[in-house]
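A lone chain, given as structure tokens: the form predicted on its own.
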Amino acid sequence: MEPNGILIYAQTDDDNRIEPVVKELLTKACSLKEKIWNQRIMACVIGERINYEEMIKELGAYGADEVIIVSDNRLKTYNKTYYSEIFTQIAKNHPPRIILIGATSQGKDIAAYVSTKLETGLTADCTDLDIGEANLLLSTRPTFGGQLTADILCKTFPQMATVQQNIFKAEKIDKTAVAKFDWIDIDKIENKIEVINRVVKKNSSENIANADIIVAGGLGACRDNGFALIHELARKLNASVAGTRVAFEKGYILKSQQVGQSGKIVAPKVYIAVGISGADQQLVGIKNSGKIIVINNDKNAPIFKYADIGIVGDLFKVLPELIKEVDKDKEV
């Protein structure tokens, strides 16, 4: 069967809601579709047995032509063995030209398995997608630790890429999708994983890709009590804590809190950059932010060019004053 179409893994959360990155991929798929003639957009949902009517409408509203659903109560909780093999079989049953998967922990799990089973290439953590020569998928991703970007042409089919959240803007087009319920014999899948217990870890880095407010620290905050002040301000603002690659390498943040080309792409309503100079690879990670507030003692720091509000000053003096002001506002 000739490969046709763009297949997207439609990841859902614990409450059976479509993850934001899926809508972003659907929007991008619509623009890719315009450059390669006659490609249908398919969204694959894997999960428990529920009423999928609203989900089908939502996926169609963002560009899906078809919604392929595999449902079984054994799929209520993510299981790498089941989900990866099911998505592989869907790709074989509906051979696509392109497969797009969000670069979430789950998405990366599935993408690696599927690319191996289908014996095809995979470009990971992409920051842009286009159609290049010979109508091949052109994927852009960071390389050399985020210092450079590379444009990669995928010459094997299906052409696969994982894409970070907040790279593309999700836009509704109010299309109506056709639903297809595929039956996959789960009993024939050798399950090598048994979920004994599931614990959701809560911390200040939780889902920074979806955070409304982020307080992030760079090299300037990596001393004394710099990050202690950042955490305190974040608590006052009900914000998430993040940082640059240097902050991660020095042990002040987790990898999941790293923002930038080699970390996460974020799009909060407010991004407060503390002691961050603004290297290109860091700015890529915050370009879609609503308001950017910069605190830096170097008035010539590149990040000031992108600031909506800039404060030139010592963060160890500025942050305590900001914290006091936030407390005053709460008292009022």
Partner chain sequence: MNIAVFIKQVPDTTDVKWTVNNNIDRTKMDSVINPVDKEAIEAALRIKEQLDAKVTVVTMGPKKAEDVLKEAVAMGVDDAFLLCDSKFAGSDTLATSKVLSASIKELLPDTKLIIFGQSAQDGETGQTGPCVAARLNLPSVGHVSEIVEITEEKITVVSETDKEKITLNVTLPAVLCIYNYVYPPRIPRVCGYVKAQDYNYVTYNMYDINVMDSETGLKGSPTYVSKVFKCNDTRNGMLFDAGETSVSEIYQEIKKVL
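All of these numbers come straight from a predicted model, not from anything done at the bench. Throughout, rigid core stands for the largest set of C-alpha atoms superposing within 1.5 Å between the two forms. Numbering follows the first chain given and starts at 1.
The discussion below concerns the form predicted together with the partner chain, not included here.
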{"item": "Residue (of Ile173, Ala228, Val178, Ala150) lying close to the partner chain in the model of the complex, criterion heavy atoms within 4.5 Å", "value": "Ala150"}
{"item": "Listed residue (Leu122, Cys126, Val241, Ala91) with a non-hydrogen atom within 4.5 angstroms of the partner chain in the model of the complex", "value": "Leu122"}
{"item": "Three-residue site Lys35, Arg97 and Gln282 fully in contact with the partner chain in the model of the complex at 4.5 Å by heavy atom", "value": "no"}
{"item": "The partner chain in the model of the complex: contacting segment from 68-76, 178-186, 242-250, 216-224, heavy atom within 4.5 Å", "value": "242-250"}
{"item": "Contact test in the model of the complex: Val318 vs the partner chain, heavy atoms, 4.5 Å", "value": "yes"}
{"item": "Partner proximity in the model of the complex: Tyr113 to the partner chain, non-hydrogen atom cutoff 4.5 Å", "value": "yes"}
{"item": "Partner contact for Lys169 in the model of the complex: the partner chain, 4.5 angstroms, heavy atom", "value": "no"}
{"item": "Contact test in the model of the complex: Thr140 vs the partner chain, heavy atoms, 4.5 Å", "value": "yes"}
{"item": "Sequence-ordered list of residues in 281-296 near the partner chain in the model of the complex, where near means a heavy atom within 4.5 Å", "value": "Ile286, Lys287, Ser289, Gly290, Lys291, Ile292, Ile293"}
{"item": "Thr27 C-alpha moves between the shown form and the other one by 2 Å or more, core aligned", "value": "no"}
{"item": "Core fit, then Gln281 C-alpha moves 2 Å or more between the shown form and the other one", "value": "yes"}
{"item": "C-alpha of Val215 moved at least 2 Å between the shown form and the other one on rigid core", "value": "yes"}
{"item": "Comparison of CA distance in the model of the complex with shown form for Ile18, Asp212, at least 3 Å", "value": "farther"}
{"item": "Direction of C-alpha distance change in the model of the complex, Asn238 to Gln106 (at least 3 Å)", "value": "farther"}
